[in-house]
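Next comes just one chain, in structure tokens: the form predicted alone.
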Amino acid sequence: MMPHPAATIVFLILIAAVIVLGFAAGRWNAGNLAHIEEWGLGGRRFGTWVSWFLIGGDAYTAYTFIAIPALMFGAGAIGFFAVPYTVVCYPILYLVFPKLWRVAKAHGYITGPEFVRGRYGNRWLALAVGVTGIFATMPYIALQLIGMQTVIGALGLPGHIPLIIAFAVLAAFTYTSGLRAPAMISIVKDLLIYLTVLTAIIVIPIELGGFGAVFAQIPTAKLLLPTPPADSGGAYTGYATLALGSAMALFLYPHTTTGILSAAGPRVIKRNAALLPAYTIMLGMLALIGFMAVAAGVRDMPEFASGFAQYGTSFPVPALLLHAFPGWFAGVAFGAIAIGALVPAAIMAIAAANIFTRDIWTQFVPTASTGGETQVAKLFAIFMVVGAVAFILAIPATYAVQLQLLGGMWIIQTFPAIAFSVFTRFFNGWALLAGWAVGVVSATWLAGLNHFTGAIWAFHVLGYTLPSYIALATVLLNAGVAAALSLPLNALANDRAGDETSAADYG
């Protein structure tokens, strides 16, 4: 890629500014960062607006900024599944997570698995939920690196050195400032992304002759889902189940749960369930950028040939921004994407560290003590960041995408143990563990039959073909197994005495 001096200078200035902000964040709303609840949850003191930026910055990442328009660019209308899924997820946030926050606050829980252990008195079930979260998070961090790597490459910066430096600094301010760092930076990141998207959605269509001219350039096959055969749900059921399953999984990821548990109270979470759909509006506009890249013909521009050759379907957004805007504004946009990688990567590392410390280290290491748990968490956060960088440098990017696809199928298997358990104690802990195992194994098996490249499986039911998102079908199997086994296990080996929570905790 040819160098872009103006864009590079603005980009580097923005990155330097947020790095300074990350180190300064430790003194913001200061608490005792030697305590894991202060380091890993910001002391549970983030109000409505900080939580809005933090949870939004947590869920809408750099890879979202790159991948959704790229999906629209390559596959067309199926890419809009992200819009209904981010509508459906907010009722789940409203119904489930204020209750989870109340219980977590009452008992000092800082992770979803810790709640599960308290609810069922079963550290093996909590271990399964925690390990699932960590394994689902690692490729997610790696995808943030892919997003950042793409914009660094688009600027013409050499090799992997800028990426390594950026994430080394990320590890440093995560270690020193904890969750306060990404919380503060997320405000800058989201403002920059809103600025970029709103500007793009106004300026680029004007340059291309209006939205009518944009849509006129899109092949008809990319504008609509194909009509399914008479005896099949076709793309319709696949689309619907993909949206619903993705919505069920979103707030189960450790990083999104951490953002929610850092809120100042359940009312903050409920307000955010009402306010966060603003990000869905932004996401819809962001998706249209993929169509604008098609209409602009960036794939056929000689100056972007090497970028598409190197980054493939991840490159339409950087190419369009460089084509449509002056260098300085492209630098702002690329800075927003890069910061959009740093924020969620930091939260993901912190969330995984919280799980490792509370649900693995202190539970299964004989010499562990709660006195040094914050130090253990800080070291594990660095391990997560370093591991993700090593993963990207050593393994093809397609593997990270495939593992992230698989991670979504795994993380949804924790839905019965977490989401159902804030409403009922019907389930037996061992039954939930069995259901989790069945769900994880069946999801992995079906994904393997798809060669880890597709998330939809065509189920044949009573002579009718019903394509479905693998994660949704397998979590229903998971819940069915857990419910069926809970009946005899509750009669033979009832574990309700292990529940350290009370009905009053749930509000």
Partner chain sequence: MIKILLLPVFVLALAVPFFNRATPVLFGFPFFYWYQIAIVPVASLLIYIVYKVEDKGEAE
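Positions refer to the first chain, counted from 1. Bear in mind the structure is a predicted one, so any value in this text is a computation, not a measurement.
Beyond the structure shown, there is the form predicted in complex with its partner chain, which is absent from this document and is the topic of what follows.
Undergrad: Is it the case that Ala240, Pro266 and Phe291 all touch its partner chain in the model of the complex, with a non-hydrogen atom of each within 4.5 angstroms?
TA: The answer is yes; Ala240, Pro266 and Phe291 each reach its partner chain.
Undergrad: Given that its partner chain is left out here, which of Val422, Ala273, Leu157, Ala434 has a heavy atom within 4.5 Å of it in the model of the complex?
TA: Result of the distance check: Ala273.
Undergrad: Just give me the single entry in Ala200, Ala77, Ala296, Leu406 that has a non-hydrogen atom within 4.5 angstroms of its partner chain in the model of the complex.
TA: Result of the distance check: Ala77.
Undergrad: Can you check whether Lys222 is within 4.5 Å of its partner chain in the model of the complex, heavy atom basis?
TA: Contact check for Lys222: yes, within 4.5 Å of its partner chain in the model of the complex.
Undergrad: Verify the contact flag for Phe308: yes if a non-hydrogen atom of it lies within 4.5 Å of a non-hydrogen atom of its partner chain in the model of the complex, no if not.
TA: Residue-level check for Phe308: no, no contact with its partner chain.
Undergrad: Given that its partner chain is not shown alongside this chain, does Gly121 nevertheless sit within 4.5 Å of it in the model of the complex, heavy atom to heavy atom?
TA: No - in the model of the complex, heavy atoms of Gly121 and its partner chain never come within 4.5 Å of each other.
Undergrad: Consider Arg102 of the chain shown here, and say whether it contacts its partner chain in the model of the complex, taking contact as heavy atoms within 4.5 Å.
TA: Output for Arg102 is yes: heavy atoms within 4.5 Å of its partner chain.
Undergrad: Heavy atoms, 4.5 Å, its partner chain in the model of the complex: which of 333-341, 161-169, 69-77, 176-184 makes the cut? Say which one.
TA: Within 4.5 Å of the partner lies stretch 69-77.
Undergrad: What residues of 467-485, in sequence order, lie within 4.5 Å of its partner chain in the model of the complex by heavy atom?
TA: Result: empty, none.
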